[in-house]
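Only one chain is given next, in C-alpha coordinates, and it is the form predicted alone.
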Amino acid sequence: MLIKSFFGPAITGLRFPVLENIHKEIPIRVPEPETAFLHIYRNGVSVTGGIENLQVGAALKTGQRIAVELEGVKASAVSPVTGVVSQVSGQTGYSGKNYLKIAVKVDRKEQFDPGFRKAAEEPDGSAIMPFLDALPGNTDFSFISALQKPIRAFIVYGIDTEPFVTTNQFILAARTEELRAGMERLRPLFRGCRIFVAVPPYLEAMARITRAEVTVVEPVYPFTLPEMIMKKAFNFEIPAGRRIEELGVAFVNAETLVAMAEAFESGTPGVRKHLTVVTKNGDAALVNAKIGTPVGKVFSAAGIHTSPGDLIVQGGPMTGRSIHSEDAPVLKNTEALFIRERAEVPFSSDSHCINCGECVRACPAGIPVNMLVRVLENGLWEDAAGLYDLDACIECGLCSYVCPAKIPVFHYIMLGKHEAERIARAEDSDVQG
(Lines give C-alpha, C1' and ligand atoms only; values in the text may rest on other atoms or scores of the structure.)
Protein backbone atom coordinates (compact mmCIF):
# COMPACT_ATOMS: atom_id res chain seq x y z
CA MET A 1 0.00 0.00 0.00
CA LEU A 2 1.31 3.42 -0.94
CA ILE A 3 1.87 5.95 1.80
CA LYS A 4 -0.12 9.05 0.87
CA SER A 5 1.68 12.35 0.68
CA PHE A 6 0.39 15.75 1.75
CA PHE A 7 1.52 17.17 -1.61
CA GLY A 8 -0.76 17.23 -4.62
CA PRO A 9 0.19 15.83 -8.07
CA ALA A 10 1.51 18.02 -10.86
CA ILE A 11 1.95 17.73 -14.63
CA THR A 12 5.54 18.05 -15.82
CA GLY A 13 4.69 19.37 -19.28
CA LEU A 14 7.35 17.32 -21.11
CA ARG A 15 5.40 17.16 -24.34
CA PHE A 16 6.80 15.31 -27.33
CA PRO A 17 7.20 17.19 -30.63
CA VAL A 18 4.80 16.34 -33.45
CA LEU A 19 6.61 14.31 -36.12
CA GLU A 20 4.16 14.22 -39.01
CA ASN A 21 6.95 13.79 -41.60
CA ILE A 22 8.98 11.22 -39.70
CA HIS A 23 8.31 8.63 -42.41
CA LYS A 24 10.39 10.70 -44.88
CA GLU A 25 13.56 10.56 -42.81
CA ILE A 26 16.42 8.45 -44.18
CA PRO A 27 18.52 6.86 -41.41
CA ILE A 28 22.30 7.17 -41.59
CA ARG A 29 23.72 3.68 -42.18
CA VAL A 30 26.83 3.07 -40.06
CA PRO A 31 29.50 0.87 -41.69
CA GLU A 32 30.36 -2.42 -40.03
CA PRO A 33 33.08 -1.89 -37.38
CA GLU A 34 36.54 -3.45 -37.38
CA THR A 35 35.86 -4.76 -33.87
CA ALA A 36 32.44 -5.41 -32.39
CA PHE A 37 31.80 -5.57 -28.65
CA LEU A 38 29.07 -7.68 -27.08
CA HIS A 39 27.80 -7.16 -23.54
CA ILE A 40 26.04 -10.31 -22.37
CA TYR A 41 24.13 -10.39 -19.11
CA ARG A 42 23.13 -13.48 -17.18
CA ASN A 43 19.94 -14.89 -18.65
CA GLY A 44 19.83 -18.59 -17.73
CA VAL A 45 19.03 -19.67 -21.31
CA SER A 46 20.79 -22.89 -22.37
CA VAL A 47 22.40 -23.25 -25.79
CA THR A 48 21.88 -26.13 -28.18
CA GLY A 49 23.22 -26.15 -31.71
CA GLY A 50 25.64 -23.30 -31.03
CA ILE A 51 29.00 -22.68 -29.37
CA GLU A 52 28.55 -23.92 -25.80
CA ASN A 53 31.62 -22.45 -24.10
CA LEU A 54 33.01 -19.51 -26.00
CA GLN A 55 36.77 -18.99 -25.85
CA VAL A 56 39.27 -16.54 -27.34
CA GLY A 57 40.05 -17.61 -30.89
CA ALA A 58 36.61 -19.05 -31.59
CA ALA A 59 35.21 -18.31 -35.06
CA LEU A 60 31.68 -16.87 -35.15
CA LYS A 61 29.09 -16.57 -37.86
CA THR A 62 26.39 -13.93 -37.98
CA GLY A 63 23.28 -15.22 -36.23
CA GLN A 64 25.10 -17.99 -34.36
CA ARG A 65 24.09 -18.75 -30.80
CA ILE A 66 26.86 -18.63 -28.22
CA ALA A 67 27.17 -19.37 -24.52
CA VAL A 68 29.80 -18.13 -22.07
CA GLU A 69 30.63 -18.92 -18.47
CA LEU A 70 33.18 -16.80 -16.66
CA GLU A 71 33.62 -15.92 -12.98
CA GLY A 72 30.33 -17.56 -12.09
CA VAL A 73 28.34 -15.72 -14.75
CA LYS A 74 26.48 -17.86 -17.31
CA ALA A 75 24.99 -16.12 -20.29
CA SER A 76 23.97 -16.73 -23.88
CA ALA A 77 23.46 -14.51 -26.90
CA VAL A 78 23.40 -14.41 -30.69
CA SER A 79 26.41 -13.09 -32.59
CA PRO A 80 25.59 -10.01 -34.69
CA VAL A 81 28.81 -10.32 -36.72
CA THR A 82 31.12 -12.79 -38.44
CA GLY A 83 34.63 -12.90 -37.04
CA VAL A 84 37.05 -14.23 -34.44
CA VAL A 85 36.76 -13.73 -30.68
CA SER A 86 39.70 -11.67 -29.41
CA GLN A 87 38.64 -11.06 -25.80
CA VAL A 88 36.33 -12.52 -23.15
CA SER A 89 36.29 -10.73 -19.81
CA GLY A 90 34.03 -10.30 -16.81
CA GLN A 91 32.78 -6.79 -16.09
CA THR A 92 30.64 -5.03 -13.51
CA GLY A 93 28.05 -2.66 -14.92
CA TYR A 94 25.29 -0.36 -13.75
CA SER A 95 23.88 -1.18 -10.29
CA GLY A 96 26.60 -3.76 -9.78
CA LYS A 97 25.25 -6.17 -12.39
CA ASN A 98 27.88 -8.55 -13.73
CA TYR A 99 28.15 -9.12 -17.45
CA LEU A 100 30.54 -10.61 -19.96
CA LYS A 101 32.34 -8.43 -22.47
CA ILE A 102 33.24 -10.14 -25.73
CA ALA A 103 35.35 -8.50 -28.43
CA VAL A 104 35.10 -9.88 -31.96
CA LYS A 105 37.50 -8.97 -34.77
CA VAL A 106 35.07 -8.62 -37.65
CA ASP A 107 35.52 -10.51 -40.92
CA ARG A 108 34.20 -8.52 -43.89
CA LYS A 109 33.23 -11.78 -45.63
CA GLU A 110 30.04 -12.29 -43.70
CA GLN A 111 28.78 -15.84 -43.18
CA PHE A 112 25.33 -16.66 -41.82
CA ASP A 113 24.61 -19.43 -39.37
CA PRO A 114 21.62 -21.70 -40.24
CA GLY A 115 20.50 -22.01 -36.61
CA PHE A 116 17.58 -19.58 -36.87
CA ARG A 117 16.13 -21.26 -39.94
CA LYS A 118 16.33 -24.69 -38.30
CA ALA A 119 14.74 -23.39 -35.07
CA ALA A 120 11.91 -21.77 -37.04
CA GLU A 121 10.99 -25.20 -38.43
CA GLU A 122 10.38 -26.65 -34.95
CA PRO A 123 6.62 -27.01 -34.41
CA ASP A 124 6.29 -25.87 -30.78
CA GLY A 125 8.13 -22.54 -31.18
CA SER A 126 10.35 -22.99 -28.10
CA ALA A 127 13.57 -23.33 -30.11
CA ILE A 128 13.07 -19.96 -31.76
CA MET A 129 12.64 -17.95 -28.55
CA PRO A 130 16.37 -17.42 -27.73
CA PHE A 131 16.89 -16.07 -31.25
CA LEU A 132 13.97 -13.68 -30.80
CA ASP A 133 15.56 -12.50 -27.54
CA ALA A 134 18.43 -11.12 -29.62
CA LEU A 135 16.22 -8.98 -31.87
CA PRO A 136 16.56 -5.20 -31.46
CA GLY A 137 14.40 -4.05 -28.56
CA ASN A 138 13.93 -5.09 -24.96
CA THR A 139 11.47 -8.00 -25.03
CA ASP A 140 12.55 -11.19 -23.24
CA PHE A 141 10.69 -13.78 -25.32
CA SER A 142 12.24 -16.75 -23.51
CA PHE A 143 11.00 -15.40 -20.19
CA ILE A 144 7.47 -14.59 -21.26
CA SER A 145 7.02 -17.86 -23.17
CA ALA A 146 7.92 -19.81 -20.02
CA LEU A 147 5.49 -18.01 -17.70
CA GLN A 148 2.79 -20.11 -16.08
CA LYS A 149 0.24 -17.43 -16.95
CA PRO A 150 0.26 -17.03 -20.73
CA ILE A 151 0.58 -13.65 -22.41
CA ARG A 152 -2.93 -12.49 -23.28
CA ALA A 153 -1.99 -9.18 -24.89
CA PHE A 154 0.98 -7.52 -26.58
CA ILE A 155 1.19 -3.73 -26.63
CA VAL A 156 3.33 -2.57 -29.53
CA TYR A 157 5.23 0.65 -29.01
CA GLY A 158 4.44 2.94 -31.95
CA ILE A 159 5.47 5.83 -29.73
CA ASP A 160 8.79 6.26 -27.96
CA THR A 161 8.99 6.25 -24.20
CA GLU A 162 11.10 9.41 -23.81
CA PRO A 163 11.21 12.89 -25.37
CA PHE A 164 13.44 13.47 -28.43
CA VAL A 165 13.65 9.74 -29.21
CA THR A 166 12.01 8.89 -32.55
CA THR A 167 12.93 5.26 -33.29
CA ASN A 168 9.56 3.53 -32.88
CA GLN A 169 7.63 6.38 -34.46
CA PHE A 170 9.86 6.15 -37.54
CA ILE A 171 9.42 2.37 -37.78
CA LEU A 172 5.63 2.63 -37.52
CA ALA A 173 5.42 5.40 -40.11
CA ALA A 174 8.01 4.12 -42.60
CA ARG A 175 7.69 0.34 -42.23
CA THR A 176 3.96 -0.14 -41.68
CA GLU A 177 3.55 -3.21 -43.91
CA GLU A 178 6.60 -4.93 -42.39
CA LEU A 179 5.19 -4.16 -38.94
CA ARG A 180 1.92 -5.85 -39.86
CA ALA A 181 3.89 -8.86 -41.13
CA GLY A 182 5.72 -9.02 -37.82
CA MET A 183 2.43 -9.06 -35.94
CA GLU A 184 1.29 -11.99 -38.06
CA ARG A 185 4.47 -13.84 -37.10
CA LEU A 186 3.88 -13.07 -33.42
CA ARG A 187 0.31 -14.38 -33.23
CA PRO A 188 1.02 -18.12 -33.70
CA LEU A 189 3.88 -17.98 -31.19
CA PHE A 190 1.48 -16.75 -28.48
CA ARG A 191 -1.84 -18.19 -29.54
CA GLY A 192 -4.94 -16.32 -28.49
CA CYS A 193 -3.11 -13.07 -27.72
CA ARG A 194 -4.53 -9.69 -28.64
CA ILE A 195 -2.25 -7.09 -30.20
CA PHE A 196 -2.59 -3.38 -29.48
CA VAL A 197 -0.55 -0.52 -30.93
CA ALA A 198 0.15 2.47 -28.69
CA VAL A 199 0.62 5.60 -30.81
CA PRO A 200 0.55 9.39 -30.61
CA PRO A 201 -2.53 11.03 -32.20
CA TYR A 202 -0.72 12.04 -35.41
CA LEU A 203 0.19 8.39 -36.22
CA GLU A 204 -3.22 6.87 -35.49
CA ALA A 205 -4.20 6.51 -39.17
CA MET A 206 -0.95 4.70 -40.02
CA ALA A 207 -1.35 2.41 -37.01
CA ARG A 208 -4.77 1.26 -38.24
CA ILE A 209 -3.14 -0.08 -41.42
CA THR A 210 -1.60 -2.82 -39.27
CA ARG A 211 -5.13 -4.09 -38.41
CA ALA A 212 -4.20 -4.24 -34.75
CA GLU A 213 -6.25 -2.58 -32.03
CA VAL A 214 -5.10 1.01 -31.70
CA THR A 215 -4.60 2.87 -28.43
CA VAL A 216 -3.90 6.60 -28.66
CA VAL A 217 -1.41 7.79 -26.05
CA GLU A 218 -1.01 11.41 -25.04
CA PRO A 219 2.55 12.32 -26.12
CA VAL A 220 3.53 13.76 -22.76
CA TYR A 221 6.16 12.25 -20.48
CA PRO A 222 5.75 10.11 -18.34
CA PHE A 223 2.41 8.96 -19.82
CA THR A 224 4.40 7.06 -22.45
CA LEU A 225 5.95 4.63 -19.95
CA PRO A 226 4.49 1.09 -19.75
CA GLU A 227 3.04 1.51 -16.27
CA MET A 228 1.32 4.74 -17.26
CA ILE A 229 -0.06 3.32 -20.50
CA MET A 230 -1.55 0.44 -18.53
CA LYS A 231 -3.09 2.86 -16.05
CA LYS A 232 -4.43 5.54 -18.39
CA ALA A 233 -5.31 3.50 -21.49
CA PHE A 234 -6.36 0.22 -19.89
CA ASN A 235 -7.36 1.37 -16.38
CA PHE A 236 -5.07 -1.19 -14.78
CA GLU A 237 -2.42 -0.51 -12.14
CA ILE A 238 0.67 -2.70 -11.92
CA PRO A 239 1.18 -3.85 -8.31
CA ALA A 240 4.44 -2.66 -6.75
CA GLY A 241 7.28 -5.11 -7.24
CA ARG A 242 5.55 -7.07 -10.02
CA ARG A 243 6.61 -7.40 -13.62
CA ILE A 244 3.99 -6.50 -16.19
CA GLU A 245 4.59 -9.78 -18.02
CA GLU A 246 3.60 -11.77 -14.93
CA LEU A 247 0.13 -10.29 -15.31
CA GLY A 248 -0.30 -11.52 -18.88
CA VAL A 249 0.73 -8.38 -20.78
CA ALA A 250 3.96 -7.71 -22.67
CA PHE A 251 5.29 -4.58 -24.37
CA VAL A 252 7.24 -4.92 -27.60
CA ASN A 253 8.87 -2.28 -29.79
CA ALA A 254 7.64 -1.76 -33.32
CA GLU A 255 11.24 -2.24 -34.44
CA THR A 256 11.32 -5.69 -32.81
CA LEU A 257 8.36 -6.89 -34.85
CA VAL A 258 9.76 -5.53 -38.11
CA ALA A 259 13.03 -7.33 -37.36
CA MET A 260 11.03 -10.47 -36.57
CA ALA A 261 9.28 -10.35 -39.94
CA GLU A 262 12.62 -9.87 -41.72
CA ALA A 263 14.21 -12.72 -39.75
CA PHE A 264 11.55 -15.24 -40.74
CA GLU A 265 11.78 -14.03 -44.34
CA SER A 266 15.60 -14.23 -44.57
CA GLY A 267 16.27 -17.05 -42.13
CA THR A 268 18.70 -14.89 -40.14
CA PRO A 269 17.91 -12.98 -36.92
CA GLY A 270 18.01 -9.18 -37.09
CA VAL A 271 21.36 -7.77 -36.03
CA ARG A 272 20.97 -4.05 -36.85
CA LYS A 273 19.49 -1.39 -34.60
CA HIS A 274 17.83 1.94 -35.33
CA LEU A 275 18.59 4.63 -32.78
CA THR A 276 18.21 8.38 -32.37
CA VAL A 277 21.40 10.44 -31.99
CA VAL A 278 20.99 13.87 -30.43
CA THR A 279 23.93 16.21 -30.98
CA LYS A 280 25.39 18.90 -28.73
CA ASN A 281 23.23 21.60 -30.33
CA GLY A 282 20.04 19.56 -29.94
CA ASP A 283 19.71 18.32 -33.53
CA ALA A 284 18.45 14.74 -33.87
CA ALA A 285 19.25 12.16 -36.52
CA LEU A 286 18.19 8.56 -37.04
CA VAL A 287 21.01 6.07 -37.37
CA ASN A 288 21.11 2.39 -38.32
CA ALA A 289 24.03 0.39 -36.91
CA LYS A 290 24.92 -3.20 -36.23
CA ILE A 291 24.47 -4.31 -32.65
CA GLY A 292 27.95 -4.33 -31.11
CA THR A 293 29.18 -1.27 -33.03
CA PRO A 294 31.21 1.10 -30.80
CA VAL A 295 29.33 4.37 -30.30
CA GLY A 296 32.41 6.23 -31.53
CA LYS A 297 31.80 4.71 -34.97
CA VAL A 298 28.20 5.90 -34.80
CA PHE A 299 29.36 9.46 -34.06
CA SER A 300 31.83 9.36 -36.93
CA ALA A 301 29.16 8.22 -39.39
CA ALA A 302 26.87 11.01 -38.19
CA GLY A 303 29.61 13.64 -38.46
CA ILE A 304 29.71 14.27 -34.71
CA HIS A 305 32.95 15.20 -32.94
CA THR A 306 33.40 14.70 -29.21
CA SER A 307 35.86 16.37 -26.87
CA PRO A 308 37.32 15.30 -23.51
CA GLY A 309 34.79 15.88 -20.76
CA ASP A 310 31.71 15.70 -22.98
CA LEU A 311 28.84 13.71 -21.52
CA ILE A 312 27.62 10.72 -23.54
CA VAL A 313 24.32 9.23 -22.48
CA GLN A 314 23.06 5.89 -23.75
CA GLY A 315 19.28 5.87 -23.67
CA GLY A 316 16.74 8.66 -23.27
CA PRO A 317 17.26 12.05 -21.59
CA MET A 318 15.25 11.08 -18.51
CA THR A 319 16.52 7.61 -17.67
CA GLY A 320 19.60 7.16 -19.86
CA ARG A 321 22.95 6.16 -18.40
CA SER A 322 26.28 7.85 -18.99
CA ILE A 323 29.03 5.83 -20.63
CA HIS A 324 32.72 6.38 -20.06
CA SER A 325 34.14 5.29 -23.41
CA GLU A 326 33.33 5.58 -27.10
CA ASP A 327 34.17 1.86 -27.32
CA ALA A 328 30.90 1.15 -25.51
CA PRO A 329 28.74 -0.75 -27.99
CA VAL A 330 25.29 -0.22 -29.41
CA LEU A 331 23.14 -2.72 -27.52
CA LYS A 332 19.96 -4.35 -28.76
CA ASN A 333 17.96 -2.00 -26.51
CA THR A 334 19.91 1.21 -27.25
CA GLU A 335 17.17 3.59 -28.35
CA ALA A 336 19.21 6.79 -28.33
CA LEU A 337 22.58 8.46 -27.78
CA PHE A 338 22.75 11.97 -26.31
CA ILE A 339 25.84 14.19 -26.22
CA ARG A 340 26.25 17.22 -23.98
CA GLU A 341 29.07 19.77 -24.17
CA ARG A 342 31.33 19.63 -21.12
CA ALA A 343 30.43 23.20 -20.14
CA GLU A 344 26.70 22.37 -20.29
CA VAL A 345 26.76 19.17 -18.25
CA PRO A 346 24.40 19.60 -15.26
CA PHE A 347 26.14 18.64 -12.06
CA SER A 348 24.47 16.97 -9.11
CA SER A 349 24.70 18.32 -5.59
CA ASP A 350 25.36 16.77 -2.19
CA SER A 351 22.86 19.17 -0.63
CA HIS A 352 20.19 17.87 1.70
CA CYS A 353 16.51 17.89 0.79
CA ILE A 354 14.93 21.33 1.21
CA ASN A 355 11.44 19.79 1.48
CA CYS A 356 9.97 21.85 -1.36
CA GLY A 357 7.75 18.96 -2.49
CA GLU A 358 8.50 19.27 -6.21
CA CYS A 359 9.57 15.62 -6.49
CA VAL A 360 6.42 14.42 -4.74
CA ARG A 361 4.17 16.51 -6.97
CA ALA A 362 5.92 15.17 -10.07
CA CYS A 363 5.94 11.51 -9.02
CA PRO A 364 3.36 9.57 -11.10
CA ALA A 365 3.38 6.74 -8.55
CA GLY A 366 2.46 9.00 -5.62
CA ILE A 367 5.55 8.09 -3.60
CA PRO A 368 6.63 10.37 -0.71
CA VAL A 369 9.96 10.96 -2.45
CA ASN A 370 11.07 13.62 0.01
CA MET A 371 11.00 11.01 2.78
CA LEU A 372 12.33 8.19 0.61
CA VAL A 373 15.47 10.07 -0.38
CA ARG A 374 16.29 10.76 3.28
CA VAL A 375 16.43 7.07 4.20
CA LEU A 376 18.30 6.25 0.99
CA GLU A 377 20.94 8.90 1.70
CA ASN A 378 21.57 7.13 5.00
CA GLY A 379 21.73 3.64 3.52
CA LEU A 380 18.52 2.43 5.17
CA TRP A 381 17.61 0.17 2.25
CA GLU A 382 15.10 -2.03 4.06
CA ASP A 383 13.28 1.00 5.49
CA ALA A 384 13.11 2.46 2.00
CA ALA A 385 11.41 -0.67 0.70
CA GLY A 386 9.26 -1.39 3.72
CA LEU A 387 8.16 2.09 4.78
CA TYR A 388 8.48 4.46 1.83
CA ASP A 389 7.36 2.50 -1.25
CA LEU A 390 10.72 2.02 -2.98
CA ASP A 391 9.31 -0.89 -5.01
CA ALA A 392 6.48 1.29 -6.33
CA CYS A 393 8.90 3.54 -8.26
CA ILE A 394 8.42 3.22 -12.05
CA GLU A 395 11.89 4.71 -12.70
CA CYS A 396 10.79 7.72 -14.74
CA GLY A 397 13.50 10.07 -13.42
CA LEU A 398 11.17 13.01 -12.88
CA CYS A 399 12.27 13.38 -9.26
CA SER A 400 15.80 14.32 -10.31
CA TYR A 401 14.52 16.43 -13.21
CA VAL A 402 12.45 18.74 -10.99
CA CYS A 403 14.71 18.86 -7.91
CA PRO A 404 15.85 22.50 -7.35
CA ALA A 405 18.58 21.30 -4.96
CA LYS A 406 20.05 19.12 -7.76
CA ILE A 407 20.00 16.01 -5.58
CA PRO A 408 20.50 12.85 -7.70
CA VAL A 409 17.26 11.37 -6.38
CA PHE A 410 16.79 8.93 -9.25
CA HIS A 411 20.29 7.50 -8.74
CA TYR A 412 19.65 7.09 -5.02
CA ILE A 413 16.49 5.16 -5.88
CA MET A 414 18.26 2.89 -8.36
CA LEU A 415 21.01 2.25 -5.82
CA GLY A 416 18.38 1.50 -3.18
CA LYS A 417 16.64 -1.01 -5.45
CA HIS A 418 19.94 -2.72 -6.16
CA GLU A 419 20.85 -2.93 -2.48
CA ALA A 420 17.38 -4.16 -1.46
CA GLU A 421 17.59 -6.87 -4.13
CA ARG A 422 21.07 -7.85 -2.97
CA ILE A 423 19.87 -8.17 0.64
CA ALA A 424 16.89 -10.28 -0.47
CA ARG A 425 19.17 -12.62 -2.45
CA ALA A 426 21.50 -13.01 0.53
CA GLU A 427 18.58 -13.85 2.81
CA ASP A 428 17.28 -16.42 0.32
CA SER A 429 20.74 -18.00 0.17
CA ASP A 430 20.84 -18.22 3.97
CA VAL A 431 17.44 -19.92 4.03
CA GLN A 432 18.42 -22.41 1.32
CA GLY A 433 21.75 -23.07 3.02
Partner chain sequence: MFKDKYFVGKHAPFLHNGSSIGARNWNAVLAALPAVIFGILQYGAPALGVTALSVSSAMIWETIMNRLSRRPPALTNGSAALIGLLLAMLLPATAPWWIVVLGTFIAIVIGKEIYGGTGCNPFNPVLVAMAVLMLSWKGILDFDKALVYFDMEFTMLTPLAAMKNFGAAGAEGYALTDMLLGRQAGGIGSTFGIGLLAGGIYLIAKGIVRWEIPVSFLAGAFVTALIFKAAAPDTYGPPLLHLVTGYSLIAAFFLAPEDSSSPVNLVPMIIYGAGAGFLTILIRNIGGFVDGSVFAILMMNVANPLIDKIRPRALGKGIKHA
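Numbering follows the first chain given and starts at 1. None of the values given here were measured: they were computed from a predicted structure.
The following text describes the form predicted in complex with its partner chain, which does not appear among the structures shown.
Stretch in contact in the predicted bound form with its partner chain, which is absent here, among 302-310, 201-209, 122-130, 166-174 (heavy atoms within 4.5 Å): Stretch 302-310 is the one.
Since exactly one of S89, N288, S348, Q111 fits, which has a heavy atom within 4.5 Å of its partner chain in the predicted bound form? By the 4.5 Å criterion, the partner-contacting residue is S348.
One residue of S266, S322, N98, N333 in contact with its partner chain, assessed in the predicted bound form (non-hydrogen atom, 4.5 angstroms): The option sitting close enough to the partner is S322.
Spell out, yes or no, whether the shortest heavy atom distance between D391 and its partner chain in the predicted bound form is within 4.5 Å. Answer yes; at least one heavy atom of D391 falls within 4.5 Å of its partner chain in the predicted bound form.
Spell out, yes or no, whether the shortest heavy atom distance between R374 and its partner chain in the predicted bound form is within 4.5 Å. Although its partner chain is absent here, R374 would touch it in the predicted bound form, with heavy atoms inside 4.5 Å.
With heavy atoms only and a cut-off of 4.5 Å, decide whether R342 touches its partner chain in the predicted bound form. Yes - in the predicted bound form, heavy atoms of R342 and its partner chain come within 4.5 Å of each other.
Give a yes or no for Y401: in the predicted bound form, does one of its heavy atoms lie within 4.5 Å of a heavy atom belonging to its partner chain? Yes, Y401 sits close enough to its partner chain in the predicted bound form that at least one of its heavy atoms falls within 4.5 Å.
Each of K231, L247 and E358 near its partner chain in the predicted bound form, meaning some heavy atom within 4.5 Å? Spot residues vs its partner chain: full contact, yes.
Using a 4.5 Å heavy atom cutoff, which residues in 227-248 contact its partner chain in the predicted bound form? It's fine if the answer is none. Result: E227, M228, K231, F236, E237, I238, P239, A240, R242, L247.
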